[in-house]
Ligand SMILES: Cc1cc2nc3c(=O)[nH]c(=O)nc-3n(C[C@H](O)[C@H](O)[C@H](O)COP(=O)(O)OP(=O)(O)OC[C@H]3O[C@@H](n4cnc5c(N)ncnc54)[C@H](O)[C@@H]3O)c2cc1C
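Coming up is one lone chain in C-alpha cells, specifically the form predicted alone.
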C-alpha cells in the first residue's frame, strides 16, 4: 500500500463499476476493503443478474477511461489486450445531428475503447483482484447498514452470506455503490434523519439491443455511429459501436410510448425509420448474432445529498446511488469512475489530519457536484425538449436550447470548437471550457444567422 492507513476496515456495497472503482480508491488507506455483491461474479465476460442492462450498448467515455487508468495503471492496456476496439475521436465515429447532418470527421488524437459492459466490468474486477488487501464476497446481500442509536455514526453492515447465514461486519466507512441508495435511504429514515431531495426527469425511455457480425463490406468512413432523433417531433434514436469479437452492438431507442420491437422484422423496420438510413443500410445484409434484449428506464434521478445539513459519519453513497443518468448518453460508468478518483484524492489530502474521516461525506458531496452537474445538464436539456417529459425546466430553458443549437452549428464549421465540445461531452473538460471568448464569438455569430433565417 502506498498511502497512509487511516482506518482498519471499509465495506463497499456493490461490485458494479462504481463499487469496483471505489475499492481501487480506498485500498491505499484502509487495512482491509471488503466488497459485498449479492450476485455471483463470473470469471468470464458474461452478463450477470444484477446488471439488467449489461447486454445493451455501453460506452466508457475517455474521461472515465482516464479516471480508471489513474486508479488502476494497467486498465487501458488490459482492456485492449482483452479485445476492446479502439476508435479515434471523432474520426471513427459518425455523429448524425438532426437538421445539420453528420459532424465532420476530424481526428482529435485520443481513443474511445469500445467493449461490452461485461468485458469492461471483468477487466476492472481483475484490477481490483490484484490489490492484496481487497476481498470480494459474491453472493452476499446487504440487509442493513448499522449505526449508533441516534444514527449519526455508521458502524458497519448486516449481510446475508451465500449459505444463508446472517453476519455483521464492522467498518470505519461504508460506501454505498448499490445503485439506488436503498441501504443509505433506509438508514436515514430509520434514524429519523432527513433524506435528500430528488430531482427526476421522467423520460420513459425504452430500448432494444441486438448484435451483428461486422460484414466485410462494412462502411469505411465510420466505425461507430449515433443517429439522434429530431426532437421534439421524433423520438427514435440509433446507436451502434463495435465490440470484442468483431461485432456491432446496436441499440435502438424510443421514449414516451415508443418502444423498439424485439423481433426481426419489426426491429429492421424501426431501424429503417430512424432520422437517416445509415444504420439500416449498414445492417440490412449483416448477420445477426444474438436475440433481442429490452430495457426500460423511466426517469433520471439526482439525489441531492449535497443539500443535506447533516449526514452520518462513516457513510458515503457513490455512483448511481448519487445520480442515475439517462443511459443513452453513456455517462454513468465514467461519472462513477471520476467520483472514485475524487474520493482517492480526498483521502490522500486527509492522511495528516487528526481525524481523516471527519466530515468526509459533506466534502465529497460538495467537490463531486461538478462531476455530477456537468453530465446531468448535458442530458437534461435535450431530454426536456419533449413536452411530455416530466420535470422542471430551468427559467432560461429556451435560451439554452438556442445556444446549444448554435454551438453545434459552430462545431460543424470550426475544428477547434468541435474539439472543445467533444472534450466536454466526453468528460475530459468541464463545461466552463466552452465559455472561452473565441468560442462565444462564433456561437453569437451562429445565433445571429439563425435569427435571420
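Numbering follows the first chain given and starts at 1. Because the structure is a prediction, the values reported are computed rather than measured.
This next part talks about the form predicted in complex with this ligand, which is not shown.
Interface residue among 93, 271, 128, 140 relative to this ligand in the model of the complex, by the heavy atom within 4.5 Å criterion: 140. Only one of 324, 234, 304, 288 comes within 4.5 Å of this ligand in the model of the complex through a heavy atom, and that residue is 324.
By the criterion of a heavy atom within 4.5 Å, residue 365 is excluded from the residues contacting this ligand in the model of the complex.
Although the partner is absent here, residue 58 lies within 4.5 Å of this ligand in the model of the complex, judged by heavy atoms. Among heavy atoms of residue 39, some come within 4.5 Å of this ligand in the model of the complex.
Although the partner is absent here, residue 330 lies within 4.5 Å of this ligand in the model of the complex, judged by heavy atoms. Candidate site formed by 9, 28 and 343: none of these residues places a non-hydrogen atom within 4.5 angstroms of this ligand in the model of the complex. Heavy atoms within 4.5 Å of this ligand in the model of the complex are found in exactly one of 97-105, 171-179, 77-85, 189-197, that being 171-179.
Interface residues of 420-443, taken as those with a heavy atom within 4.5 Å of this ligand in the model of the complex (partner not displayed), are absent.
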